[in-house]
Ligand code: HSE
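As a starting point, one isolated chain is supplied in structure tokens, in the form predicted on its own.
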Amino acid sequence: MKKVGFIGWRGMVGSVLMERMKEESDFTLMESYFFSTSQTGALAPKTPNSHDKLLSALDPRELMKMDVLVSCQGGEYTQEIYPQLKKEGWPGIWIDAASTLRMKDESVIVLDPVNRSHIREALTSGGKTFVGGNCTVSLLLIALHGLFRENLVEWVSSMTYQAASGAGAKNMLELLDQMKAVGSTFDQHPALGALELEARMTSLMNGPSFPKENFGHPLALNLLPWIDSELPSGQSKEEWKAQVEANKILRSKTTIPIDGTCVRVGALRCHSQGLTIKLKKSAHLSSVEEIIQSANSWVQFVPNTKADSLAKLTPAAVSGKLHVPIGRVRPMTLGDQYFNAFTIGDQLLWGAAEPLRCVLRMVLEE
């Protein structure tokens, strides 16, 4: 059995990964070692074939004993540890949730439903570095896999509506604190009219006592039209990732333009995207629908009706589920090559943990 070390397994992505691995009995295929940056020597989680104590995630000697390392610890950890291991000649396989290595030449961005053959090819040829993609990019590609596979897409404009949990656990909890503050204020003034309540809520959100240490701004009853750092192009880094990562995953011979605006909204979990898709040629709606829904096992086509859209294309309907629904598919008035769509997915599953689990499973079954 291969020795597999896990770092960052207590965080949100790491926790979801552990749950999925238990559900799929992945731990029976390996010897598991759990690493920690702060609790070395404490008891490790109980899994089949697991080492009983936590090892130091900052000790290259222990890390180098592993055949595979799976990191959900974040970019700063990767920047510190990955170069050390490479310098020391570690021959193992590195699987990472962080963005640090995505665009490196030696890295394969993994998205099993879309590029499984490329992952297999890389493993066969001795590839060692496998990285999960940006969550919205991965969900977009699963949803539109059929159109990309048929080489029908000229460009995509993606307007994203990203949940608080995409920024991390602290941000997710801060949104709940903001909602609590809003609810408490409402409870204190239940008899006020709607406009008076709105004025009080706006004053509360802009006041110094409103909890916004992590977001820097109110998200409850609000939205934030910027995610990640600023780039000279005028894009946010989150918007930049869409084109560069998607084209690397697709191994496009010519760049497919993908751009749009990324917005943080007050959902707790699941990222949504409103899409404008320009095809390379005109196509009938029924053909587009068939191509989309037959692409992979995880895309779920939702008929373009009010009832189906409201029931199946929401965070409440999708949270914790592996399928990636896409609906609101219709021709647009812009021209006969333009289609509208709306897709949503759990960014902690196919947007983060599940691609890592799939490539690890492939490594273990070699």
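Each residue number is its position in the shown sequence, starting from 1. Keep in mind that what you see is a predicted model, and the values were worked out from it rather than measured.
Quick note: we don't show the form predicted together with this ligand, though the next part is all about it.
Proximity to this ligand in the predicted bound form, taken as heavy atoms within 4.5 Å, picks out 165-173 from the listed stretches 205-213, 165-173, 119-127, 78-86.
Of the residues given (Cys135, Leu141, Val131, Cys72), Cys135 alone sits with a heavy atom within 4.5 Å of this ligand in the predicted bound form. Checking Met159, Leu279, Leu268, Ile227 against this ligand in the predicted bound form, a heavy atom within 4.5 Å turns up for just one residue: Ile227.
At a distance threshold of 4.5 angstroms between non-hydrogen atoms, Glu238 is in contact with this ligand in the predicted bound form.
In the predicted bound form, Arg264 approaches this ligand with a heavy atom inside 4.5 Å. In the predicted bound form, Gln347 is the single residue of 335-366 with at least one heavy atom within 4.5 Å of this ligand.
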